[in-house]
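Form predicted on its own, single chain, as structure tokens, below.
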Amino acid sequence: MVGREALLTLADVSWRYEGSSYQALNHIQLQLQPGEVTGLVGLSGAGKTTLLLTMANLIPANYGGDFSGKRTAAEEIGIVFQDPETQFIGLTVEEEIAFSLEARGMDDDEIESRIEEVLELVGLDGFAERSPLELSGGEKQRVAIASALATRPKILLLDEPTSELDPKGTREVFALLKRLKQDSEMTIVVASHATEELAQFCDRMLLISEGTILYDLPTRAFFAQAGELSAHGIHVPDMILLYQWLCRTGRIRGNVADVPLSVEEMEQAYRLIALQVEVER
């Protein structure tokens, strides 16, 4: 997608890790717009993490390998990894969040203000003195997100943020991301296998396979390609498959491309169909 005010641009970017004959990224063309939320899906090893690391400029800055193409991006980008515990270095939640701020030379008053700000934002008021290692999985991930948000990044990248979480923790994290989208209009990229949640949350979806972006579409148009997605090993939400089956078998007279992205949309589709049948009678 091309826009006039892109916060991040990858222009014909390719990458191969040092010592590998495998091309991890192949001629990536990508732009992120302000306030846009993008979902990133693909099989394990497809290149999701590598693409996020490249967006964050950790590739090539922190990794050896062969890089080509051009990357331009906003000055501040936050990144959150799959296992938050691997990122924790502070004994308390407050210390964890303060670390990146102290590294930027901020004074104590500003650091304290930002800690309060992000803890409120992620719904962890009163957790400042708690040990991050004693929290639930969802709370740990929210601490990791708070740490990334403390520097006020223009872009937030998340790599499988719910893969280690139970259903409750998953709901907590996606509820937080939805609030960030609504309240701060932050540009967010989420790599995840949780396609049901991505369908309801994202403006745009990317499918990456063998380091190549195969699909880059608005969310509804993306999931309308249910057969192609399934062929690439991507889980398509059951209600989308059901809706398209009902359309194809003539049980409803809907458009297979107008797939529902939430239970509420599925319910609304059924109500409209029932109304049409009633009018025709």
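Nothing here was measured: the structure is a model prediction, and the numbers come from that model. Position 1 is the first residue in the sequence shown; the rest follow in order.
Just so it is clear, the following notes concern the form predicted together with a small molecule, a form of the same protein that is not shown.
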property	result
Candidate site Phe88, Gly90 and Ser100: all three near the small molecule in the predicted complex by heavy atom within 4.5 Å	no
Location of the small molecule contact in the predicted complex, chosen stretch of 233-241, 28-36, 43-51, 214-222 [non-hydrogen atom, 4.5 Å]	43-51
Proximity to the small molecule in the predicted complex, single hit among Glu197, Glu160, Glu139, Glu96 (heavy atom within 4.5 Å)	Glu160
Of Arg114, Arg204, Lys178, His193, the one that lies within 4.5 Å of the small molecule in the predicted complex (heavy atoms)	His193
Tyr270: touches the small molecule in the predicted complex, heavy atom cutoff 4.5 angstroms	no
4.5 Å heavy atom contact, Leu10 and the small molecule in the predicted complex	no
Exercise: Thr151 in contact with the small molecule in the predicted complex, heavy atom 4.5 Å	no
